[in-house]
Ligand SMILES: Cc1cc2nc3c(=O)[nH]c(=O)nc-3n(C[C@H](O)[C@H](O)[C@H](O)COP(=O)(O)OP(=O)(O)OC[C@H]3O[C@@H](n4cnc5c(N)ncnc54)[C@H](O)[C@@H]3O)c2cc1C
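Take a look at this one chain, the form predicted alone, written out in structure tokens.
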Amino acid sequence: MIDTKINEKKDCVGCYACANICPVNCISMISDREGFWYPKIDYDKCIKCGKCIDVCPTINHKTVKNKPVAYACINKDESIRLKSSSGGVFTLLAEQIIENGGVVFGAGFNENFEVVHSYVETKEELERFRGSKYVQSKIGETYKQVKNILELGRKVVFTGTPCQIAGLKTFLGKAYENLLCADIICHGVPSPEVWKKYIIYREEKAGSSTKRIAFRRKDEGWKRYSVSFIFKNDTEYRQIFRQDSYMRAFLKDICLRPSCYDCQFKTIYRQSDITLADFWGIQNILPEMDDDKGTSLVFVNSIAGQAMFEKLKDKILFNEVDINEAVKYNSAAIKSVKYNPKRIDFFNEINNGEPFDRLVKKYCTDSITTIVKMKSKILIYRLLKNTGLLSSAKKLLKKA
């Protein structure tokens, strides 16, 4: 069964496809000591049908051949854009589906601020899916729900990471004209257990339970977005992402799922119909579309994706861009993160109850050499910019 084929944790993406497909419900997704879900089989119930193996997106990895087209996009509705992680395109896509009687699946916080997949049927409910959540989301039984709704003839848009889209596709086993899949450019998924410990740490510091969390507040700009916790005692914690301890751990790749260090699903050629992401580097490619309020990078990957994009054009500002040029500044689209050699020690200590902030300071602080190199690069950049030589330097680097 699935546990006989997936021998190492790095080969399981935790997509829940095997648990969703099991006809006798003998597969449970159990958290390991790092907080990531893996399948556990009750062999007293198992009928050895092999369906769990047939739907595993890692075992049945598919190579996609398409011709994706990339766009820089901005939602014309400024209020929605400011509430969104980047340019506000997800909301337009989701509203289009709902206006046609469809259902939107996505990741949002539950009452305990765990990140879970669910679905909504009204525009008002889309708020729960808007904005980034830097935690692996629990798929649960949403693949089954998607299939049931599709079989009723209703339109569905399913949003998730590339591996979650792959899991859904293998679970469904066939194409549905009424299904649209949208994935993201994913850096990697952090541990839900580490996230839980961070919430506890923040609540202890505030002396109150949490009322609201936002990963991507744009008060200080899109490029310097802030993490925000609002507590029930009417206090708020807010810090720009590079100074927030949880985001530092995330960006140092110390708390990601093992499969993220060698991801099979990072590629320009995707199984989704549309890919949504932040357009990092927009200031270098289309500076006229950079006002530091958020610009989306959108890949249109299929005929269905193009049809949807055509329906959104009147509501967005957009420009087609060279996809290879865009990916230069968004390498997470095609490259896995490097394994952090301090990862095992980090998890050992966090499970032993070490304070969150101390662990991050211990394992995620740059060395003096790294800091000197970073500061040198910043000084050189500023010098070239102030002397008007930056554009010339860029041209020389391209020729080199």
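All residue numbers refer to positions in the sequence shown, first residue = 1. Please read all numbers here as calculations on a predicted model, not as lab measurements.
Missing here is the form predicted in complex with this ligand; even so, the following discussion is about that form.
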Contacting member of A277, I149, M308, V227, with respect to this ligand in the model of the complex [4.5 Å, heavy atom]: A277
Heavy atom within 4.5 Å of this ligand in the model of the complex - residue from G281, P192, G102, G131: G131
Any non-hydrogen atom of K155 within 4.5 angstroms of this ligand in the model of the complex: no
Partner proximity in the model of the complex: S245 to this ligand, non-hydrogen atom cutoff 4.5 Å: no
Partner proximity in the model of the complex: K169 to this ligand, non-hydrogen atom cutoff 4.5 Å: no
Contact test in the model of the complex: F90 vs this ligand, heavy atoms, 4.5 Å: yes
Option from 229 to 237, 309 to 317, 198 to 206, 131 to 139 whose residues, in the model of the complex, bring a heavy atom within 4.5 Å of this ligand: 131 to 139
Sequence-ordered residues of 304 to 330 touching this ligand in the model of the complex, heavy atom within 4.5 Å: N330
